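Before any questions on how it binds or moves, here is one chain, the form predicted alone, in structure tokens.
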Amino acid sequence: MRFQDKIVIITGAGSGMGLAAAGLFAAEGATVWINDIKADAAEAAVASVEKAGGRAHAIPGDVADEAFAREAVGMVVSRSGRVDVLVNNAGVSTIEPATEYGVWKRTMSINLDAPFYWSRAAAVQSMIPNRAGAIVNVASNAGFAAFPGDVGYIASKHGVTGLTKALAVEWAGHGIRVNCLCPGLTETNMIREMEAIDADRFVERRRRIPMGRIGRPEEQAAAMLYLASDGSSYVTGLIMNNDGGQMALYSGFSPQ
């Protein structure tokens, strides 16, 4: 029960890693505020958490809307008293060549602007006054290295790692820890949709994972909980890959 009576906000938690994290935080005693752009997905996630005996509330809305981020955090503080943990999990990806890439602004707004908006809102309205808080940004292995066909995703995830370091340094004196999780290939709806577009590339990616399988959402969620917990009380500014050895295999050779 590492998060007994803690107040946790998770963006993009209607499915995938965010939903798995909501379930784990709630199982360890937290009240979880679940954001998703789809109201029905947010409500379904709340129902799932409550069915398992946890406490959760929905805050549906566009994560990239700065005014909404500020208002949503304000509502949580008004109703729950504070924000102990913020997980900036929402993200999007699109497979298109750079010469034809038509979703740059939207990708950057969700993947990079939103984590800054929500982090600033949580810091200003709760964490700085209370001199306590943990922020977990979710980037990707694309925050370490590039691959062809999704320039906005790669640029934004590199930005998230930089944002993490900047806020960790600036807010450490306020008692706020800021860390970044970089998942490797993980079984989520987004990955399934991308595999449907370019199946051959993902066959090769799967083959290059030293542990021989892709990750599960629950495994990424467990890493989020560690970074948010008192067990990492001296950890801030960490860019942590959780990828079955993918980034360790930098040589270009396939695992044996």
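From 1 onward, residues are counted along the sequence shown. Just so you know, these numbers come straight off a predicted model, no measurement behind them.
Omitted here: the form predicted together with a small molecule. The next part is about that form.
inquiry  = Taking 4.5 angstroms as the heavy atom distance cut-off, pick the stretch from 226 to 234, 22 to 30, 188 to 196, 48 to 56 that is near the small molecule in the predicted complex.
reply    = Every other range fails; the passing one is 188 to 196.
query = Using heavy atoms and a 4.5 Å limit, would one call residue 90 a contact residue for the small molecule in the predicted complex?
reply = Judged by the heavy-atom cut-off of 4.5 Å, residue 90 is in contact with the small molecule in the predicted complex.
ask   = Does the small molecule come within 4.5 Å of any heavy atom of residue 15 in the predicted complex?
value = Looking in the predicted complex, residue contacts with the small molecule include residue 15, since a heavy atom lies within 4.5 Å.
task = Using the partner position in the predicted complex, report whether residue 159 sits within 4.5 Å of the small molecule, counting heavy atoms only.
result = Judged by the heavy-atom cut-off of 4.5 Å, residue 159 is well away from the small molecule in the predicted complex.
key: residue 149: touches the small molecule in the predicted complex, heavy atom cutoff 4.5 angstroms   = Residue 149: no contact with the small molecule in the predicted complex.
query = Pick from 164, 140, 126, 119: which has a non-hydrogen atom within 4.5 Å of the small molecule in the predicted complex?
reply = The option sitting close enough to the partner is 140.
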